[in-house]
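Next come structure tokens for two forms of one protein chain, structure 1 first, structure 2 second.
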Structure 1
């Protein structure tokens, strides 16, 4: 389905159409037109285009148009033969390291790497010397010269697949090396190999033409396109078409292979050809609502829409909340719940083609949904909003040293000079407990451990004076001991600066440890909001209850099975009507499946979106 769709796009159609044409001409050209291509017309030697001879004749008066057509077969056959040699040799050499064991494999890999460094044409010339001038020698030369490149590609692909766990699992299960190669490895590298082979055939065709053009390939009386071009070049003053026409044929055939390769790559899903349909729904007129007073962040009906393959995906579907000055609010949810999207949207970091809409999104007095002066907004957000991302390994620019990456904030927004900004960066690194900050500031990110990078990231947020810290799974990729250090640091920073915190996490325990209030998200909506201290005991939404019960902690009863939520989390493109949790909810009835429950607040300000949530009979605690 998908493959057919990609192949039928203009590029694919053009490529395959052209290729079919070239193959047909190659197959039938010599049968149909060999006579007309060899007949000597002594009246028209080196004639220009005419009704008889569409692109003229050569020095023996032979019709060039038909000669170009007839030459197709030899050109294509030679190119394919050479490509076949390259591929077979390349696959053997590329797969050999996997079969031959460590030491022999290393030698082969090394030899291939040395050979790849030499440009193809140089290798072709080298082999052409050995195999001699002529079609057979040239085919061997071009084929052998292409082998190292293919071997390298094949080796990289094979090595990539060999590292996958299913290959390890097969070997543990006692599957032999050859069987692993043929059953697991080759099928999984076949697609990129086919794509590259197709493209390689195109370039082999060109280098063959080049070789014949130099007079090292096909020899008279045989002729391919390169040979025709060489003959034509001498007379380019009087009769340019004689050189240009076979050239055009070479280009067309080369394009046919290349475009088909590109289309195949698209059909196999290699490369950046994913179709993203950007048709988004009309923006609904937003009514202005007043931000919650005393809040550093106030969000009303936040929606984030991403372009999907078939229709727009609603990743965040109307989220309303506020964070008071100095407050710590946690957002918990599983993958696909929209919690990270919410964080990015609040931080104004979502880019086109994704779309952010909200009735208002007010941070520290400025509504980010309303266009403002870009310069002052950059300064405002750059100094008063700190962000800590999930993966400290990839969140620093590997090409710059740590110090300047921090200092950049002060240089851009606080008008500090290089030296002063760097001094502040060192000071901030010290503030986040990085030892020897002067030396560390001069190091590159890769010289930092994960925990240290996350500290440095927090330090980067402290270059200004943050009113809010948004931390998106800041400790997920860290060890538990490092995690507790980073969380403690966050708490300390909040105590020192009075900044509020928006902590995104899938880990209920982390959120209850750190936060005052918790928002529970499911399928792009908030389903419950309550004080963090009440999460384990007073949750009312079945999802919240199940989430808490499903995660073992150090007090979990060992004699009973863990509570289980049946089914799988919602896939954002397929949100059902009605309550999104209904399919996994033990309490759900037809009403739940038909009507999405609204998020209702009780007297204490706790909110829940569930038809079945028991009305809050217990007097709820008021948030501090």
Structure 2
């Protein structure tokens, strides 16, 4: 399909045609015409163009036309060798931060940036002096001079891919750095690298011809186009074609590479080329210090700290909650409230330099805050915990087929062989209502619709026997119909497997329909917890009420402006003293702005953190 797209473009047709012609001449030129290119004819020294010698002869009477054709092979081979050196060295340097660690990688990146600042011709001449004259020295010089540019490109591409969810999952699963690079990163940056290499080959060809022209490249008796241009320079005023013909060959070959690169770029869709400020009187102790009986997940005083520019950023500040077997708990709040960071901490997917702390974080009987065997924990989480991310296109590796990606879960965590794992992958695709699962398992993620990819993500979670499913905004990018299907599928999976559900969403309506309980988060804290059925009627926190009011329903007055929450969410590095919502709350007073309200539980078990909440019977106090 992509090959057809290349050929259908005029640029691609011209480029491929020229490139095929150049390759054919390079392959067969020395075989067909080497004898006529090397025969000495003393009767026709420095002869002009004629019927016998189309562009004349050199100072030994050798036919220049055939010498240009024969020189194609050496010129192209040396240009491709130099390009290969640039690519290999560029990939090694560009991937250094990922392979060697941040400190060594930072030094290498700094050195690459310095080299990129130098003009390429100066680098070529510098390396040519070091490696000496000759074809080998010139190939090394041109290759090394082109490496910094490829290293910069590769570093940018690798940095963009290395933060994707499927790469993070591979790291958490214990996959080594080199395997992550060659299996998950490089296949996804190969296309732009190939396109840029094709376009760079034309420039490399010109650089090589220039070195030979200056006498630093190919040496006699060998000859390339640059060497022929040098030989024809002395008689350029008498026989200009002797110098112009090899120069024209350089232009045509370079044009072939550049046009092909432009066409490939279009076909692949590539564009032109301090200490936390605690509130006065805030509770610092918690009564919930033991795991909740019967809970598949029990979290007490969870804190997630990220490194900041000037001071640590406390993304999650003392979150406490529990989820029972088979229960569905929703988490709502604006962006930046700590919902996803809480889920990642629960799933043990937060790496250094971020820091996760808690009094306890018990999942399926194992406290994840207690150091243990990494391999055992990896298998425990890999089989008992499923995660459905917001954008499955970043969770699936686009360079691999769906079936093998699902099968990898069973091979890594359950020890199944390849055939058995693939069979289970097909079965799981069938379980999530994907039609023709055998055929779909052989397809790539881009061949799935958004809803199908989300179903496949759920199927990946079902490769094990999950006791908890974490769904992080699973329906955000889907239309209403597909959203309903995915939510119904999650409900069906819960019913069939007995798994609990932690659903993160911005949509209050979705959480109300799907979940049993709701946790409302703001500025890294839980500010309210109550049954989902009571979210619209019994909410006590002003922030919860504002979230509910911001969602229109069938009774919304269309003649009045839609309700909005005034102000902007709190910037996590700058959480104010007192109630974080005070600046946006119409009920806030000086006491709210000075004292951070503790999270209080009433007789019904509902919790709220607000000085202005309606008075209820309070039985206990917990930090959240």
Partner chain sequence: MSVLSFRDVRVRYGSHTVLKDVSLEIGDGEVVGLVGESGSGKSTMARAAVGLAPVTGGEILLDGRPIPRRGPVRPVQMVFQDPYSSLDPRMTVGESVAEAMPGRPGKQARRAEITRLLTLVHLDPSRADDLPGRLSGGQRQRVALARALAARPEVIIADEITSSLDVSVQGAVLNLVRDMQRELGLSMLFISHNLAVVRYVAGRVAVMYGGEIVEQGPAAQVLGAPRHEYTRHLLAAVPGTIPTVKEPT
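Whichever C-alpha set is largest while still superposing within 1.5 Å between the two forms counts as the rigid core. Residue numbers count along the first chain shown, from 1. Predicted, not measured: the structure shown is a model, and the values here were computed from it.
- Note: the form predicted in complex with its partner chain is the first of the two, structure 1.
- The two forms, fitted on the rigid core, differ between the two structures by less than 2 Å at the CA of residue 581.
- With the core held fixed between the two structures, residue 34 has its Cα displaced by at least 2 Å.
- With a cut-off of 2 Å and the rigid core superposed, residue 531 has a Cα displacement that falls short of the cut-off between the two structures.
- Comparison between the two structures places the CA of residue 104 46.4 angstrom away from its other position, after core fitting.
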